[in-house]
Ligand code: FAD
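Form predicted on its own, single chain, as structure tokens, below.
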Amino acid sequence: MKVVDILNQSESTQFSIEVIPPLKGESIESIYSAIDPLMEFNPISINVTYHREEYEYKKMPDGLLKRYSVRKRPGTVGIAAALKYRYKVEPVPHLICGGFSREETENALIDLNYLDIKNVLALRGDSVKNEKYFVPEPEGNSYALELIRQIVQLNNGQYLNEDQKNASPSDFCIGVAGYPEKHFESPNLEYDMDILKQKVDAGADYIVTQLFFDNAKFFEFEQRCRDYGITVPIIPGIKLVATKKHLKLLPSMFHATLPEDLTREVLKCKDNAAVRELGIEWAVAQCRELKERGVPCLHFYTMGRSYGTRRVAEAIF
């Protein structure tokens, strides 16, 4: 079932989670062990992230350096299929522009269609480590907007090979990312909102936000979307503060600010066990307010850990 249909048919706030593929060589059991404790809360979907390749350099006998790619977290499509048939829950594999040609993207979509996976999250993706700016693949999509258009074309039965005979259309539901504090590369909020409106107009069915810790920022973002004529469901993204290192890590990795009150309380904690309890309390308060305001779903960035998310879900659902 399409995520957007579940959201539109639901009268109460739903629950969804996001997991990270295990490192290459590790068992999928690590994914199952993170999801099993959360299944009693009936998640409507499980997002599966995609991590593009990283590059390493090896010194050759002639003294020159040779660059080669390393895929440290493969398996997004395979994991999505495993989750669908193990848990009977809709998986939402992430599709990214980086590292894919348009033909490779089309082939991935065909595989997902064969597996009866009907939901995807369309993202540009990050730049390669050590590259200052995002560089698309040759013959690849440069922006999420282009990726969305390719998915919509496939939904209309339009393949890259224009001479394709008897082409079967796909039927993907497309989610996209939204940024309550704007995308870090956007020059301002207005520009960021214009890009989001273009993605929705191109065919995006719903929005999942970047993580945030101040609900006021989400409510402002939500209202701004409505003022722009964006009417699709908007799902807030939640992540729990769990260690003191998060005070530096979360702003640098996700470009999300932490409220002064939260920062001050984290610094008072004597150890990370106390930080984790504080993070749970903060997230519970966040989610209660969001639920009271009628958000369609609460999406948790679990990062492969279920304890904190379970504690919050017990309090909220």
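This structure is a prediction, so every number in the text was calculated from the model and none was measured. Throughout, we count residues from 1 along the sequence that is shown.
What comes next is about the form predicted together with flavin-adenine dinucleotide, which is not displayed.
flavin-adenine dinucleotide is not drawn, but in the predicted bound form it has no heavy atom within 4.5 Å of residue 213. Under a 4.5 angstroms non-hydrogen atom cutoff, flavin-adenine dinucleotide in the predicted bound form lacks residue 139 among its neighbouring residues. Looking at residue 125, you'd find a heavy atom of it within 4.5 angstroms of flavin-adenine dinucleotide in the predicted bound form. For residue 143, a non-hydrogen atom is located within 4.5 Å of flavin-adenine dinucleotide in the predicted bound form, even though that partner is not displayed. From the list 43 to 51, 288 to 296, 256 to 264, 23 to 31, the contact stretch for flavin-adenine dinucleotide in the predicted bound form under a 4.5 Å heavy atom rule is 43 to 51. Screening 79, 241, 121, 112 for any heavy atom within 4.5 Å of flavin-adenine dinucleotide in the predicted bound form leaves a single hit, 121. Think of it this way: in the predicted bound form, flavin-adenine dinucleotide has a heavy atom of just one of 224, 246, 217, 94 within 4.5 Å, and the residue is 94. Although the partner is absent from the chain shown here, none of 8, 153 and 172 has a heavy atom within 4.5 Å of flavin-adenine dinucleotide in the predicted bound form. Along 192 to 219, a non-hydrogen atom within 4.5 Å of flavin-adenine dinucleotide in the predicted bound form is carried by 192, 195, 199, 208, 209, 210, in order along the sequence.
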